[in-house]
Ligand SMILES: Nc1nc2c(ncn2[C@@H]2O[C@H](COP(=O)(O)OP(=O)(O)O)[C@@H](O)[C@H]2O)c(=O)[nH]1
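Below sits a lone chain in structure tokens, taken as the form predicted on its own.
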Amino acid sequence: MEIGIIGLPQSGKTTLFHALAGAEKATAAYSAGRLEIHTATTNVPDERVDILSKMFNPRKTIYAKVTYADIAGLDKGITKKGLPGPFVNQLGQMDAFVHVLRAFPDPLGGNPIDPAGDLAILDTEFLLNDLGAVERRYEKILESISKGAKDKDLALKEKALFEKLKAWLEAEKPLRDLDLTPDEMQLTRGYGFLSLKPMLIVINCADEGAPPEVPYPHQHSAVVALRGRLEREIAELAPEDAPLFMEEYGITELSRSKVIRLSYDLLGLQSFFTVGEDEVRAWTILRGATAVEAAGAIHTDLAKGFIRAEVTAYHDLVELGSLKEAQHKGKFRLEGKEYVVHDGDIVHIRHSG
């Protein structure tokens, strides 16, 4: 899962990228045409992992992870030129976006603070880009049907879907607000529609003062404010120095942690845990995943040889203090392949081979 960080020039998106990367600096850079993309994989803060690690004192503690990509490619002439092709190609590969809005004085002194206006600029470009892609595909579907499509039923389903997408976009509404069935979502895969992807709006504020209100009443979206420059400075401090810096600026919790958690949640992800003396680990799965899918997240061989899943709820384990006590109190269950794993489940897979 990869999340693209986007924003207009001088929005501070690269500053946010470094703040999210934190002290880990697990970064890489690669080129895509004229674009240079920097990526960073960072831990998802989760106090449950910390608590489980204290309980089991394992040799290794491993958190769930999120990968961010800082994608360059926008300039001030976007409203006249439209989105550049290489930029669109990279955006289409992302699973979600973090859109950074400038809410601090322009360092170049030329542009007023207008986060809502900046948001509308890129949202409009996403809509127009998707509408163009939908119209082109719709014409091809009609042509295929007129020539006797090999799979007529599939072609007719696509025709109905793209008529729905076209009407929605023409009404200037992002596709993430359109309720699509699982089958319809499956048919959209491969097109990389930009307005369909989850969106986290980050209002990048000045070091002092209250953040402006930026309403964003859309599905699969969230809004958070942070002070990007300060967050980056704190992220790059030694762990023992960070609390003093935070106290000086009245920061009780790093917004960086909130952004990462919201990113994870917007992707429809959740964590289950495996525990033991060797390792305490958070594993990432989609909400609604089954026990056999969770087994596959650990290793494909576990899914192939799946017999049963031993499951204990996180809160039961913590309350009772041990897996042995959870079993004694009847909080330890054996579940089959179709069991839907809940966020925070402690899971051990029984398997053959």
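Residue indices: 1-based, along the sequence shown. No experiment lies behind these values; they were computed from the predicted model shown.
Below: the form predicted together with the ligand, not depicted.
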item: Contact flag, residue 264 vs the ligand in the predicted complex, heavy atom cut 4.5 Å; value: no
item: Residue contact check: residue 205 to the ligand in the predicted complex, 4.5 Å heavy atom; value: yes
item: Contact of residue 8 with the ligand in the predicted complex (heavy atom, 4.5 Å); value: yes
item: Residue 12: touches the ligand in the predicted complex, heavy atom cutoff 4.5 angstroms; value: yes
item: 273, 276 and 344 each touching the ligand in the predicted complex (heavy atom, 4.5 Å); value: no
item: Option from 245-253, 223-231, 165-173, 140-148 whose residues, in the predicted complex, bring a heavy atom within 4.5 Å of the ligand; value: 223-231
item: Contact assignment for the ligand in the predicted complex, among 85, 107, 215, 117, heavy atom within 4.5 Å; value: 107
